[in-house]
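The chain below stands alone and is given as structure tokens, in the form predicted alone.
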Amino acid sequence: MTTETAPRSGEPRPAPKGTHRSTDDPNVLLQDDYDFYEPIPPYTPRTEREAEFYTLGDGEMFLNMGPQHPSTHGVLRVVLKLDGERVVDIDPVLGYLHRGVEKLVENADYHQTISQVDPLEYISSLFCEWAPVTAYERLLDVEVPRRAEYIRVLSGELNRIASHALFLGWFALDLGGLTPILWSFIERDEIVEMLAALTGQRMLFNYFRIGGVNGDLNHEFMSRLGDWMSRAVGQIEAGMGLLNENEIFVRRAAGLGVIDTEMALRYCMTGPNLRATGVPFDLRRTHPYSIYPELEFDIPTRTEGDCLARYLLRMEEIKQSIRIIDQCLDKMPDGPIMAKLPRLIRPRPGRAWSGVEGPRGVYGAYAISDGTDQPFRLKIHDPSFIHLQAVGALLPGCLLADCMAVMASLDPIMGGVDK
């Protein structure tokens, strides 16, 4: 006969069979099969919608899908209800990221918040900085020097091209193509290397400042930019040729995930996903900001509203961004790159909204000041969160293999979704 010895005072009791203690907190017990996710939640349905979804019909099954897109790296799980290979319904399971950025900025001064918002849309960080910085400038009534505005537009359009170039590769990868993602990263690396020469970083730039930018154009940046501009259009055309001339890619993307104008407006879509339905809405033209009114560029639109249209539209936007960069270099004025502001700023109590046209749509910031040196509130409007709502309407009726293509065509970045 054996007797169980009681643990000494202060020692945790042995973990029950089938569980193990967390290395972070021994009081937390984890299941031994922690790498397995059951599609059905381990609780009774909390809403009528949950009860309806998690009730299987004849011949139906549940399947966990994801992370399948490079941006959904473990932070988006989609439960599919399938009838054979056809999707009947979906349930997206979010909440694995929890950056808490909107709360973090309430405990930082206005200058420090710029680095906090960078990781949201980490593929296009400059736009994450641009919106709150402009909102703060409106609270302060600050006039940004013209040279700084030109530099903002120049660097922002470079960041837009880098983002769209990666979209080309990601979209092809989710449809089974490997070569385009390698070519896209070559293009993206060239751009981020020149942005690193300007900002000091390749990804989370922390470059925009309240009243201007952190540094002026330098020789290394201009040298890299001139070299890249001489062959930019040819490189983009070569990347597009890999896909546009591929019959499998075109036939799979055409007619898939169709969003009509009414649906796009009902879901409050913006950016390329909206313009692919025929609506020429672009903040750079409809609500002009910075020096965009002084530049000549077109707003591409398409009417098909399918995955192929969303891809082709982004490729056309790259060409327009190159036009904008060329004009910025030609019209760049001399002068200061920063307005004169104290290190510690206290905007008057009030509210300000600012939106910029990011690669995925309208990226906005709603700032509230209570007169102190820290924002009382900074609410981020991220377009990826808006666009992912449409997935529930687009996927039912699609084949399992088409789900990846539809989600990739919306170009979501999960950092801003679960902020």
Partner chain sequence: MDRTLARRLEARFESVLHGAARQRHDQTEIRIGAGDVIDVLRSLHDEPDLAFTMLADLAGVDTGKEMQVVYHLWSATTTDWLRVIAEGLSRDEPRIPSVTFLWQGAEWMERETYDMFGIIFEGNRDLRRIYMPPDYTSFPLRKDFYLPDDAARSTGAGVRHVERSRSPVDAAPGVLRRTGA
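Not measured: the values here are computed from a predicted model. Numbering follows the first chain given and starts at 1.
The form predicted in complex with its partner chain exists for this protein as well; it is not shown, and the discussion that follows is about that form.
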Residue stretch of 195 to 203, 99 to 107, 209 to 217, 329 to 337 approaching its partner chain in the predicted bound form, non-hydrogen atom distance within 4.5 Å: 99 to 107
Spell it out for me: taking its partner chain in the predicted bound form, does every residue among 49, 138 and 268 have a heavy atom no farther than 4.5 Å from it? yes
With the partner left out here, check for me: in the predicted bound form, does some heavy atom of residue 119 sit within 4.5 Å of its partner chain? no
Can residue 26 be called a contact residue for its partner chain in the predicted bound form at 4.5 Å between heavy atoms? no
Answer yes if any heavy atom of residue 91 is within 4.5 Å of a heavy atom of its partner chain in the predicted bound form; otherwise answer no. yes
Answer with yes or no whether residue 323 is in contact with its partner chain in the predicted bound form, where contact means some heavy atom within 4.5 Å. no
Can you list, in sequence order, the residues from 246 to 260 that come within 4.5 Å of its partner chain in the predicted bound form, counting heavy atoms only? none
